[in-house]
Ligand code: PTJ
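Coming up is one lone chain in structure tokens, specifically the form predicted on its own.
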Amino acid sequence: MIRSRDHPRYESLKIREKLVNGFKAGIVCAEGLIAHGRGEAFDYLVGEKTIELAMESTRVAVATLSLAEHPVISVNGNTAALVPDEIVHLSNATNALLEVNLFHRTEERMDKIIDHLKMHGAANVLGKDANARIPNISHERAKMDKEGIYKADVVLVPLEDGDRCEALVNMGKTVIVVDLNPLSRTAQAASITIVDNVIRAIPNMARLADELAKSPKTELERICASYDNKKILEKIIRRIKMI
């Protein structure tokens, strides 16, 4: 347990502790710990805070989820370990289904993540009985539920793999991703990229979902109308270069 609140890396240490606990519980895989470290390195480049450009993408992402006919939030081990309450809150606020999707998939790990999300308030979690596949993907993340990601018009995929993002876009889906690396294949292929840490992005999305809950459809459409993901990424890349 972290006790030194005056430690300069206190918030970062709390996140690491959550992931380690998730690993011990069988929710996070060892590779997920490495992936977090890579993301944390990019977080330094945006000042370890939600920048205005990321908030713009976040607002558009929430409006897009709210406008969707069949939105789905894809959940992996790291997301489940770090922001379980917030991801369930976002699901409820946007009427989006939750579906567990894993690269390092085992039935035991699927069960543990689903149970973990239910412990944090999720009423129903898809993914266990995957009965469809994403075309042209050979690994385990190709597995999906016919009533979930397969059917979705909008998919939120925190902490994504680039090939699956591209494949989902090619299926005609609007894909929202959270990725701290604006140059990654995921960030570049997505419809909406939130360049932010998932521990900030998902709570921000949940809060905005509450704020926009009573907004008319015309207001949500207005928020989305002028959004250009490529321009946002270009601005963020220029900002990082100036550091």
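Every value quoted in this text rests on a predicted model; they were computed, and no experiment measured them. One-based numbering along the sequence shown.
Keep in mind the form predicted together with the ligand is missing from the figure; the text below concerns it.
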| query | finding |
| --- | --- |
| Close approach of E48 to the ligand in the model of the complex, 4.5 Å, heavy atom | no |
| N181: touches the ligand in the model of the complex, heavy atom cutoff 4.5 angstroms | yes |
| Touches the ligand in the model of the complex: N76 (any heavy atom, 4.5 Å) | yes |
| Contact flag, R109 vs the ligand in the model of the complex, heavy atom cut 4.5 Å | yes |
| Residue stretch of 148-156, 120-128, 84-92, 100-108 approaching the ligand in the model of the complex, non-hydrogen atom distance within 4.5 Å | 100-108 |
| A35, A189, L53, L208 - the one with a heavy atom within 4.5 Å of the ligand in the model of the complex | A35 |
| Residues of 196-222 having any heavy atom within 4.5 Å of the ligand in the model of the complex, listed in sequence order | D196, N197, V198 |
